[in-house]
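In structure tokens, one chain follows: the form predicted alone.
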Amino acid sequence: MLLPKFEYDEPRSIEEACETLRTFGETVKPLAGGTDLMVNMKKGVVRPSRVLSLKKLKTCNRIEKLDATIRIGACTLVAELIQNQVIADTLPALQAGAKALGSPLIRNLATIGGNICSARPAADLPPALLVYGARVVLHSQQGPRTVLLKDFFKGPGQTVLRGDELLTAIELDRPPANSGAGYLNLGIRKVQDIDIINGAAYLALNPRDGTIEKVRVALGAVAPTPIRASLAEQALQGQKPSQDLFVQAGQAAQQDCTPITDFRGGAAYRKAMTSVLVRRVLETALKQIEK
């Protein structure tokens, strides 16, 4: 299949990119890695008259370790999330999500911003980002605005991103020393497959009594958007970590999801696996704390 004809822009600043978005509106599509956009253009799913390359936006290609936060440029390659030492040392669940995404070829092209903006319910990176309390920075000609990632998704393929806005960065608070996080996914194959279910968990323990001071559990492929499992979090909050507690949290997480049946798996199977996956990511998070 051939690509349709289109105009090609290559802005050198965020301001220039936002000007193009404002001028051409819905007829322009941003291009980062292109792993989704190029396929959809060939299939005729989208037909932009203009493509806006983000390759030369240098501020969108950096991973920065600041005093209290980590800032990841939206055009950062998934492969870089795996290789970067800051990510490995401080955000291991995000690194695990990146390792689970596609094949090496895809990871060398795909970007973190593209994975978020595709708003796929089964995307690998959002659950890990959600448990780290990630925020996304959206730029327009009026300037930047920051949105919690949990408020960014509206439905399959739908976000709060306006037609004149560009996602430029993801910001995360640096986790404290007494914390850990984990990510897991379940698919028919290990690579190049859409997950049947995926999820992540984050735990921070009270250094005085070892109880769970802060907890976040996130799930993908079990609802129209990546979700926080609030009932599982409530079961864990203020408790001392244990195998039995993690089993209870997994059972509670089943009530947080509304999965569908498709050719990859049935709704009942997805619910059953939710319980298992939540228990395992909680165990991973606790092991990180105990290292």
Partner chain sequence: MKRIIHIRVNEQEYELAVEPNLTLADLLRDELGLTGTKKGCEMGDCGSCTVILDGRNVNSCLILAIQANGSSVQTIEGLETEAGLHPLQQAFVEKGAIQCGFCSSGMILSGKTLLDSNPNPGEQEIREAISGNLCRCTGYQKIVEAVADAGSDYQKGQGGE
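As the structure is a computational prediction, the values presented were derived from the model and not from experiment. Numbering follows the first chain given and starts at 1.
The discussion below concerns the form predicted in complex with its partner chain, not included here.
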| said: Although the partner isn't part of this model, could you tell me whether K42 comes within 4.5 Å of its partner chain in the predicted bound form, counting any heavy atom of the residue? | reply: yes
| task | Examine C75 and determine whether its closest non-hydrogen atom to its partner chain in the predicted bound form is within 4.5 angstroms. | result | no
| Contact between L105 and its partner chain in the predicted bound form at 4.5 Å, heavy atoms? | yes
| field | Non-hydrogen atom contact E16 with its partner chain in the predicted bound form at 4.5 angstroms | value | no
| query | Taking D164, L172 and A223 as the candidate spot, are all three within 4.5 angstroms of its partner chain in the predicted bound form by heavy atoms? | reply | no
| Listed residue that, although its partner chain is not shown, lies within 4.5 Å of it in the predicted bound form (heavy atoms), from K65, K55, K29, R228 | K55
| query | Going by heavy atoms within 4.5 Å, which of 133 to 141, 211 to 219, 80 to 88, 155 to 163 lines up against its partner chain in the predicted bound form? | reply | 80 to 88
| Those residues of 1 to 20 which, in the predicted bound form, come within 4.5 Å of its partner chain by heavy atom | M1, L3, P4, K5, F6, E7, Y8, D9, E10
